[in-house]
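Just the one chain here, the form predicted on its own, laid out as structure tokens.
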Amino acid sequence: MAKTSAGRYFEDFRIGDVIRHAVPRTVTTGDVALYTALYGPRFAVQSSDAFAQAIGYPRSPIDDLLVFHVVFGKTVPDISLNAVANLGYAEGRFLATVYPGDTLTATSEVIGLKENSSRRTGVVYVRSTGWRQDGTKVLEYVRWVMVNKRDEAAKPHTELVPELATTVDPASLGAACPSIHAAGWDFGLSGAPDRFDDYAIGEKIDHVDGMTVEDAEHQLSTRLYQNTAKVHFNHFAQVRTRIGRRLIYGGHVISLARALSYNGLANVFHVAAINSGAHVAPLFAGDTVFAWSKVLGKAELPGRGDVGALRLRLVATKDRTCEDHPLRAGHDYEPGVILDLDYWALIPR
């Protein structure tokens, strides 16, 4: 028997498969420091133990997206090692707070399969769950990914495109956020005075700043998450593909855009849910990322007067500034748009 694995190809997946992923990962303050160096997020709750303790946390929690990426990285060897591209997300919920010293593991269930018309690839839908060492669910989400076939003539055993919710019910939000002591929130230290009531549905915010991506940075970040997808690392293989070069991990774009969004959303401190998301176009080393946001909705959380939820559309572009809020031209995305992410996030009231 072979002692190595080439990863799953499209025809290897079966609807209903449940996969327990290797390897457990203990998240440390070292990971937090490296994540901060790679993206530069400045949200006060995740930056300062003293700030977090003043509002009710026992210490500064791990950034929500760092939790997401670590769980995502666990799934890659079994789900997307042979992927062409990660396509989208839905029904994502952050369910428990993660702190330095916690150990994360992951499982996934295959919930859909669809062969592409080219017959060279297919789309695999999985629902992945992240677990803390005590058995607590910390995260769950659905993603779909285009995966190469080993044999173009092979047929999927069953095809099904799952029906997915367009938005996470805001009544279910907040499980990963303790009760916040409003009097302890120092708006001078957080960087902006804006609260829940200061944002209006329909409001658009250009986050102004840009960040250029380098090969060393995106490869380092992807290794930080133990993400082994070939498209991010193997230049030898990628130059022989249609794209011809390494792709930057889509999660790298999400974290860059979220970090840029501090300028305009400084007090939006907790990503509570991902409603939907699409990687519209690839990003490559040397491209510069910009971002803007639109407030799609607002919601009060049942039984909570400390925080409210903003439904935000986060749009990232490459080599294009966002003062005109680029998104769509007719049915297609405008040139330069690379990410369209719809999420719920919490902010003090």
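Heads up: residue numbers just count along the shown sequence, starting at 1. Model, not experiment: these values are computed from the prediction.
This protein has a second form, the form predicted together with another copy of the chain, left out of what is shown; the following refers to that one.
- In the predicted complex, another copy of the chain sits beyond 4.5 Å of every heavy atom of residue 313.
- Of the heavy atoms in residue 300, none are within 4.5 Å of another copy of the chain in the predicted complex.
- Using a 4.5 Å cutoff between non-hydrogen atoms, residue 150 does not count as a contact of another copy of the chain in the predicted complex.
- Although the partner is absent here, residue 56 lies well away from another copy of the chain in the predicted complex, with no heavy atom inside 4.5 Å.
- In the predicted complex, no residue of the candidate spot (125, 296 and 305) has a heavy atom lying within 4.5 Å of another copy of the chain.
- None of 156, 184, 191, 162 but one reaches within 4.5 angstroms of another copy of the chain in the predicted complex through a heavy atom, and that residue is 191.
- This chain lacks the partner; the member of 129, 136, 172, 219 within 4.5 angstroms of another copy of the chain in the predicted complex by a non-hydrogen atom is 219.
- Note that among 110-118, 203-211, 138-146, 172-180, the stretch whose heavy atoms approach another copy of the chain to within 4.5 Å in the predicted complex is 203-211.
- Of all the residues from 219-247, those having a non-hydrogen atom no more than 4.5 Å from another copy of the chain in the predicted complex are 219, 220, 223, 224, 226, 228, 230, 233, 234, 235, 236, 246.
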